[in-house]
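The chain below stands alone, shown as structure tokens; this is the form predicted alone.
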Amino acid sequence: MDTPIRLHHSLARNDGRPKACGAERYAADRYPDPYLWAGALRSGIPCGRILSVDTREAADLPGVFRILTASDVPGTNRQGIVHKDMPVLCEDVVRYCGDPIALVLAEDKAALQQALSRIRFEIEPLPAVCSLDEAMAQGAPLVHADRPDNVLAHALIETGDSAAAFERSDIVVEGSFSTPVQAHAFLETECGVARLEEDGGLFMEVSTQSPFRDRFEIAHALGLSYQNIRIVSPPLGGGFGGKDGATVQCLLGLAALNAGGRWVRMQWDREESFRAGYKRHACRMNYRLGATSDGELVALDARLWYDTGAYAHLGAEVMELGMEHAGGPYRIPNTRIEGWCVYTNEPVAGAMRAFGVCQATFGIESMMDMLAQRLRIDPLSLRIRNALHRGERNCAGVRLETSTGIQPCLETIQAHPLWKTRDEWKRQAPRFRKRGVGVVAVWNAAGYGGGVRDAAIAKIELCDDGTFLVHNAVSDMGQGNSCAFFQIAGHILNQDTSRIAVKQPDTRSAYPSGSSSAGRTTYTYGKALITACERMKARLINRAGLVLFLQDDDGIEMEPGRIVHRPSGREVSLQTLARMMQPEERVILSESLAPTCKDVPKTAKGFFIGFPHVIFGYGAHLVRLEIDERTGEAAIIDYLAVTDGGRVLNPAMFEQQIQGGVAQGLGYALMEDFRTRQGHVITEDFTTYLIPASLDTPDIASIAIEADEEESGPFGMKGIGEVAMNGPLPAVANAVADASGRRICEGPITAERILGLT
């Protein structure tokens, strides 16, 4: 206590104790007394025409309060962040196995389950397209009648003259790659509570990454005024993008409208979450890469197909960001990058950590190793030679005006003992084992990108007792942004940990600040908060000067709990000041707006929003692994992640973010494989969908590169929540190729694939 909080030092998370003790309250912990249970009846088939829905038997069951179908939905009955093509309740057709066709309100869960089993419905199965091949086949059935060829989006990036550049390339390498569907697998499944308030407004407390945008989605779908919708977002038990967009929100809102003023609670069980929740896009890629004989990259041709499932969600935007990163953090003057986002009758794909980039990174980083092998040079030297520098244009033709730290990341790997001793380490492999080393360069944009206003409004309040309350407006899904805000406010106001608190988003008391996504949370809201805190500090010093009868502000300083005039030693407590000030004087608001590209090249066609980006995080990863020749099992022995995230606000949290991203990426690389069979989910729980546990996760060493501070960021930082996710899959693939001589172009890289059995 009384030790002021400082930035750039490790500080225990402000929410660490309640979370460690089990005292933190999540949306899943909300059980209002009394409340109704709400649950959706899902189609169970990938495609069909609804012929009838008979709810009479179910409605007569004891404990059943109400059963709703599409005819009960006011408003448009359509939800979706950008493309509103997803019904709240299906009217005439179903497009995937998780489509909801009825909503039940019941007094308890047993009654709810019984009612769901007693609803009789008839669906005429229709031909389904359950893969990219089926969806893109000539004459394929259409998932949406207004989307010819099942294409949600098609876009192109062209720089220079790639055809001519390939002609003059000394070496051209080609490869085809595919990545699997990945589930978010968060601890807290999709959930929330809702009710109508006495004034007729809709109140909702829900596990969401975007409480302010939820109001627009609910209002549009249910025909309500968004101003009459209040959303509270408590800390999330994980999100990773899977709660960016409506999950339970519109169903809960519809339930509350029909609950007679009672509370309604909805929580998907794990199986429902796997069936109906958003997923990472499966992707297929074809690459060609051309270079001179001394290793200079000159040409790239990349074609990418993303499977968005039954509804658009953010599929087009995911594809576009993947395309923007398809050439890696390299200088390639001639590129042709083409992308398609395709509808299928599969579960809906959407936002997930790295937002389409980790798929493309697998492609380009595999190609870099293939090129290095052809050139007979080490893969790290090839990457260093072609690494982007500030002022150069990236593969999308965008000049990099912000910090660009990929080269120092790669050079840190080059100087590290894990790299320098690699040959000796490989020679010492035990009997029946082979060892390999893989390196990759990664990058990931931060922020929404061009065409979208990336803004935040921060609010800080001096409370009656002289403490400060930060009204966080962007959800903390576990990444720790509330701790960053806690630290920023404490540092500027020179307060200790007992005098700062952070309140999680409430649309009634906070102000619109965008979603918790895109690596933009601490950057954008943090910038607004800095200004708010500085204004609060100036205001309090001014008020203290009035109280102390001082002619100017010279020598007046803030200390924990008080303001002191150094020359005289006189002081006034913050509590005294708070009681003297009017309520409106004790609140400061401030806005921030993320920078946008002012020199947009005419290189992109077919992009709707989100192009180009101007701020990127960078990294270089090294993995050393060992393959058991008898079983094909790959064991990660060492993992090193070097990251350029600008200046680090909290070293401990920085390291935790990188370790979390790498751990999730290793799951993607080695085991996570969400499977369906003809549109039916067959990995429906954690007994069949495996994610890394503690014993599966190696020690992950993290090094932060701070040589290139981001001038536009809060205290020089930039977001690193996503970049670490991109490294593991290509790094493991490259290490397996190094160990076994066998390149695997399809993820995940399982023992069966290493042995060549699939």
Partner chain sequence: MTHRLHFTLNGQAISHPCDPDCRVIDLLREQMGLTGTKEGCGTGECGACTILVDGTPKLACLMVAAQLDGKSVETVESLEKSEEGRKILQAFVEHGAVQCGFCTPGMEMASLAMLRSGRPLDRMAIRSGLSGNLCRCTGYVKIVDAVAQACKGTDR
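Numbering follows the first chain given and starts at 1. Treat the numbers as computed from the prediction; the structure is a model and nothing was measured.
Absent from the display: the form predicted together with its partner chain. The rest refers to it.
Is there any non-hydrogen atom of F240 lying within 4.5 Å of its partner chain in the model of the complex? Result yes; F240 sits at the interface with its partner chain in the model of the complex.
Taking heavy atoms and a 4.5 Å cut-off, does Q656 contact its partner chain in the model of the complex? Close contact exists here: in the model of the complex, Q656 approaches its partner chain to within 4.5 Å, heavy atoms only.
With heavy atoms only and a cut-off of 4.5 Å, decide whether E706 touches its partner chain in the model of the complex. No.
Does any heavy atom of L51 come within 4.5 Å of a heavy atom of its partner chain in the model of the complex? Looking in the model of the complex, residue contacts with its partner chain do not include L51, since no heavy atom lies within 4.5 Å.
Output flag, A12, K19 and A652 jointly within 4.5 Å of its partner chain in the model of the complex, heavy atom basis: Result yes, every residue of the spot touches its partner chain.
Using a 4.5 Å heavy atom cut-off, which residue among A145, L546, L187, A415 comes into contact with its partner chain in the model of the complex? Contact residue from the list: L187.
Using a 4.5 Å heavy atom cut-off, which residue among Q79, S366, N472, Q182 comes into contact with its partner chain in the model of the complex? Of the candidates Q79, S366, N472, Q182, Q182 is the one lying within 4.5 Å of its partner chain in the model of the complex.
Have a look at 56-64, 42-50, 711-719, 24-32 and name the one stretch with heavy atoms inside 4.5 Å of its partner chain in the model of the complex. Correct option: 24-32.
Determine the residues of 260-275 with a heavy atom within 4.5 Å of its partner chain in the model of the complex and present them in sequence order; the list may be empty. The stretch 260-275, when checked against its partner chain in the model of the complex, contributes R265, R270 at the 4.5 Å heavy-atom cut-off.
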